[in-house]
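Presented below, as structure tokens, is a lone chain in the form predicted alone.
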Amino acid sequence: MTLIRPHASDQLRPLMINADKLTEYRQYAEKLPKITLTSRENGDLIMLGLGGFTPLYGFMTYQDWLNVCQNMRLTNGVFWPIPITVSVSNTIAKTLHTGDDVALINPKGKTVAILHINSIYQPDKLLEAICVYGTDDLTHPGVAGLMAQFDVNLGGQVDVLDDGGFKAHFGQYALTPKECRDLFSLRGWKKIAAFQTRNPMHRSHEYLVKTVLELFDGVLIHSLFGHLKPGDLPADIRLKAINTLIEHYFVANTVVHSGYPLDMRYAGPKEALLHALFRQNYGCTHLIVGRDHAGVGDFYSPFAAQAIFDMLAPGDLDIRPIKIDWTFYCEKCHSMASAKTCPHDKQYHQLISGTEVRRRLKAKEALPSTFSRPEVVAELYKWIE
């Protein structure tokens, strides 16, 4: 069974060191200067190790960083929408030189990679903020995170030694790109849509996935397991809630539920492109792009993440977007619907959002069945008990 090819490559390029060489690499890493990663950097590193960021070689050099910011391309011409970087303080940077190797330490203190430095540079954070997020407003969580980074970036190839416990913690729900592809092939799936979520799945999400399932072989429900902004639900709670929904309301073997280790950047349209790119690496042919995909607050128009796909050049991405309109529960239709299928006035529409679900949970208000399935609500209330 032939699946869609990985991004700009004939094969996946995981940067994880083979088990037979791991001891040698670990011993070498212990002798090196050590740099502690942020949560965002650590998530990016795990994706590099798994092959989710194929065909990247590691953290971006100055020229790749600049070209990605300005043109959404690596210097070799390969499409890439968001910089993948690691930063250090000026004090540490002064002790390093191109050609040096350093050990990368995850936030829990574990040695997880070796970085071979071939670029040391001070990025223009304002340029990156405007290019990636479309704003320099510090109330934007992605911009705030960018400005809080250290002032010097290190670029170069990485050898990943460890996923930092990602697989051990999430088990069967931490499928690698290769494992996803193997499972899709085993099931005979060729036309596969990815559904991105950082929230528990409510009725609107369920409707989107089931609508797509009418036309596709299967759907990868791909949950973000990395760091979110304050107030968002923890990954373990979301995992249980989504599994409960799948168990009670989906036909067996029509969806695969797995997660990935990235933090949310809340970069709206640019992040939607990154989501599409690495879902292609996971074997998906399409990405469901709904209202305010990867957005935050009012920084992006509701369908900006859909429109940006129309700006791509032929060949930038093989994966394609599935653009879905507003979805809601209609009191007249007595069912879920969208702006394309429901003729009734907006006064009958109950718009559903993750933000509203979180607000009601924190306020201990009831969540009606038009918002979320009762079995899912029961799981969510365990979070606030």
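One rule holds for the numbers: they count along the sequence shown, beginning at 1. All values derive from a computational prediction rather than experimental measurement.
Just so you know, the form predicted in complex with a further copy of the same chain exists too; it's not on screen, but the next bit is about it.
Novice: Counting any heavy atom within 4.5 Å as contact, can you tell me which stretch out of 62-70, 23-31, 36-44, 343-351 lines a further copy of the same chain in the predicted bound form?
Specialist: Single hit among the candidates: 343-351.
Novice: Heavy atom within 4.5 Å of a further copy of the same chain in the predicted bound form: which of 337, 56, 357, 319?
Specialist: Looking at the other structure, the residue within range turns out to be 337.
Novice: Would you kindly say which of 228, 237, 117, 213 lies with a heavy atom within 4.5 Å of a further copy of the same chain in the predicted bound form?
Specialist: Exactly one listed residue reaches within 4.5 Å, namely 213.
Novice: Given that the partner is absent here, does residue 373 sit within 4.5 Å of a further copy of the same chain in the predicted bound form, heavy atoms only?
Specialist: Residue 373: yes, in contact with a further copy of the same chain in the predicted bound form.
Novice: Applying a 4.5 Å heavy atom distance criterion, does residue 203 contact a further copy of the same chain in the predicted bound form?
Specialist: Yes, residue 203 is a contact residue.
Novice: May I ask you to check whether residue 248 falls inside a 4.5 Å heavy atom distance of a further copy of the same chain in the predicted bound form?
Specialist: Yes, residue 248 lies within 4.5 Å of a further copy of the same chain in the predicted bound form.
Novice: My question is simply whether residue 217 lines the interface with a further copy of the same chain in the predicted bound form - judged by any non-hydrogen atom within 4.5 Å.
Specialist: Result yes; residue 217 sits at the interface with a further copy of the same chain in the predicted bound form.
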